[in-house]
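Only one chain is given next, in structure tokens, and it is the form predicted alone.
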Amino acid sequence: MDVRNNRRDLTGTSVITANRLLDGRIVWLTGTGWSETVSHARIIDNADVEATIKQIRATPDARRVIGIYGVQLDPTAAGVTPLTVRERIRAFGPSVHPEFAPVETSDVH
């Protein structure tokens, strides 16, 4: 089992994530490559995650990403939703309410 996410159960489903080496963006494995959107991620049975990661690392496409690991999905949530808070933040963005987020202004230099 990969060392980054040892909270994955023996049963259930997961998606595979990594960081794109070129810009550090979080990406999710799809059926045809990598996507920045978790909803496009390919859902994999937990029993097959380690074998899938091993296959990915053996492909030339793996040189474009780093830190490949599996993320357990929440079986009670609608859609592709990671189980842990850390992975939900990685998937859906910061947990700061937009009202409290910094405002970008064009006159700041």
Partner chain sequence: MSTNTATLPVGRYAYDQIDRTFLSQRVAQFREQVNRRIAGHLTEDEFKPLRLMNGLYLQLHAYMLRVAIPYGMLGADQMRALAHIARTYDRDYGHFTTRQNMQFNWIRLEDTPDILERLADVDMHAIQTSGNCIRNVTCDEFAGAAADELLDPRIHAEILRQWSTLHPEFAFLPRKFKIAISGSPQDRVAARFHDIGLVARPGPQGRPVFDVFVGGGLGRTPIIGVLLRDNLPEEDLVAYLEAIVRVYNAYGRRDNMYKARIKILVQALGVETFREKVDAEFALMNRADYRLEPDIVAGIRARFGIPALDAPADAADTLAAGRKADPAFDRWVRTNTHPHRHPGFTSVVISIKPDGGIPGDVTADQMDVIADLADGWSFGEIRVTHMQNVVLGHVRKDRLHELWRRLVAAGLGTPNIGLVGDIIACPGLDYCSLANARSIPIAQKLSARFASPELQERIGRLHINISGCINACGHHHAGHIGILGVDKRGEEFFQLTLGGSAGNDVAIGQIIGPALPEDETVDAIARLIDAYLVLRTEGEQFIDTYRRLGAASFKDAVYASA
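Residue numbers count along the first chain shown, from 1. As the structure is a computational prediction, the values presented were derived from the model and not from experiment.
From this point on, the text means the form predicted in complex with the partner chain, which you will not see here.
Listed residues 47, 66, 77, 43 were compared with the partner chain in the predicted complex; 66 is the one with a heavy atom within 4.5 Å.
The closest heavy atom approach of residue 11 to the partner chain in the predicted complex falls outside 4.5 Å.
Using a 4.5 angstroms threshold between heavy atoms, residue 26 counts as touching the partner chain in the predicted complex.
The partner chain is not shown here, and in the predicted complex it never comes within 4.5 Å of any heavy atom of residue 53.
In the predicted complex, at least one heavy atom of residue 84 sits within 4.5 Å of a heavy atom of the partner chain.
In the predicted complex, the residues of 65-95 lying within 4.5 Å of the partner chain by at least one heavy atom are, in order, 66, 83, 84, 85, 86, 88, 89, 90, 93, 94, 95.
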